[in-house]
Ligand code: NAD
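In structure tokens, one chain follows: the form predicted on its own.
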Amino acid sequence: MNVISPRPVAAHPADLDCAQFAKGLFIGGEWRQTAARIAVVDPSTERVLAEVADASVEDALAAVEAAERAAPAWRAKPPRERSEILRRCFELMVERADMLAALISLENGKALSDAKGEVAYAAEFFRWNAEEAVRIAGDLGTAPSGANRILVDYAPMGIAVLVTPWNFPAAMATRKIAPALAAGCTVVLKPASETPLTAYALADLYREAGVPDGVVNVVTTSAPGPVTAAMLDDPRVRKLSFTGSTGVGRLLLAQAARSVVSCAMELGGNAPFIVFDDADLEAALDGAMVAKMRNAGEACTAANRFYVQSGIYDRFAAGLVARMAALRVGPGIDPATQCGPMITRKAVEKIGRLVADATDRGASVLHGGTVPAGEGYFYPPTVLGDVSADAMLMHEEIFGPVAALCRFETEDEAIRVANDTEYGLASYIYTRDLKRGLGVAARIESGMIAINRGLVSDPAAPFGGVKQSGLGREGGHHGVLDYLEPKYIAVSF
């Protein structure tokens, strides 16, 4: 049975003054106030933490103007100097990890342990891209005809608009900002209005690290559609990087097409978690808890559909129930919490509808499934057994702490059902047979695959999906290339 802990009293992280990070929009290195405000709510308690500025279209275009003014000097700055600034951003994030984790936990609701993990992950994008900044190399070759040499150089793409979601308020921002800056681009970040405080706290940190005014601008708005559209219609904007739902991504792609803006899209997921009979049961259960319950399931890479071979199904189900039942549910800021609240009441209601639909179609509730009374947007860790293939949660992102289990018999069947989705972001495979694991991975339609691991993300690896899960890659050396334009020069010498 899950234990729901009360809000801690006088715990130091919970005493963080969130209002200090609500100084206004961050444009051109200055804080700009607005008459309209956006309330930031703690999902654990439903209390208002702070109110941040609410940008208009004019404010957003002022941010684009600031990015344009800063662009020539940043573009001309030697790669080593850009590298050292990015390295300093990494160092400051590490130094302030506890404060940043507490802030994330308060405005997002995620367990403090998850928030600390996010800060470490987010900081690593600065360290990795500090190293990439000095390794942007061109190419020199000879034309097959011998008539000339082929010289390929790389130039910064230009001003980038970065749109990030609420579930990883630090990591989703740094995964875009760090490679953009390494490439020599200037940016306008539009963080989610549910979790803007982390973005503003980091803006102050970037300035302290030496990022020049106007290179990074941050605007929050309650009208994301018109504000983002206005920036995409501005001819000075040449790049859009978006992380969020596939539905919104489609709309942004259509808007970006009007000005032929280069787009990178990290969209929805519906990750399969495949467990074969020969899998190490304990390792598979360990991986399942990471893949499903990291950030309480509010992750695009979260395991959504658990396909377990019949010979191990009952033992896997029993083990997963035991582990989910042992999780401590409570306010994210409480150090004892292992599963925090969902981001909003609407998110809880959506999960409830998906679970009800699955049970109506024959699934059994092995654990959880009942929303607790009281304050906060909580949904309990839940395990559903023998879920029907036509259940809605097999085709939509759950984005919550619900594990849907299905049986399969053969390898071909597992691959078929795993690929039976419009998404293709992440997949997980558990087997002791490496040949089988690699063979299945080759047939799975997914941009990222973890074999005998519950965690797939790494700043040094290309992050992204296929099909309706997106376009382009973030992380690795691919991340910087996404902000660079190759320039071909024909020369004879």
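Note that the structure is a prediction, hence the values are computed from the model and not measured. Numbers for residues come from their place in the sequence shown, where the first is 1.
Missing here is the form predicted together with ligand NAD; even so, the following discussion is about that form.
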Mind checking whether each of M172, E266 and F399 has a heavy atom within 4.5 Å of ligand NAD in the predicted complex? yes
Just to confirm the contact call: exactly one of 160 to 168, 85 to 93, 106 to 114, 352 to 360 touches ligand NAD in the predicted complex at a 4.5 Å heavy atom cutoff, so which is it? 160 to 168
I'd like to know if F242 sits close to ligand NAD in the predicted complex, meaning any non-hydrogen atom pair within 4.5 angstroms. yes
With heavy atoms only and a cut-off of 4.5 Å, decide whether T228 touches ligand NAD in the predicted complex. yes
Would P191 count as a contact of ligand NAD in the predicted complex, using a 4.5 angstroms cut-off between non-hydrogen atoms? yes
I'd like to check something about C300: if you look in the predicted complex, is any of its heavy atoms closer than or equal to 4.5 Å to a heavy atom of ligand NAD? yes
Pick from A317, V248, V237, A414: which has a non-hydrogen atom within 4.5 Å of ligand NAD in the predicted complex? V248
Which residue, L425, I429, I27, A55, is the contact with ligand NAD in the predicted complex, using a 4.5 Å heavy atom cutoff? L425
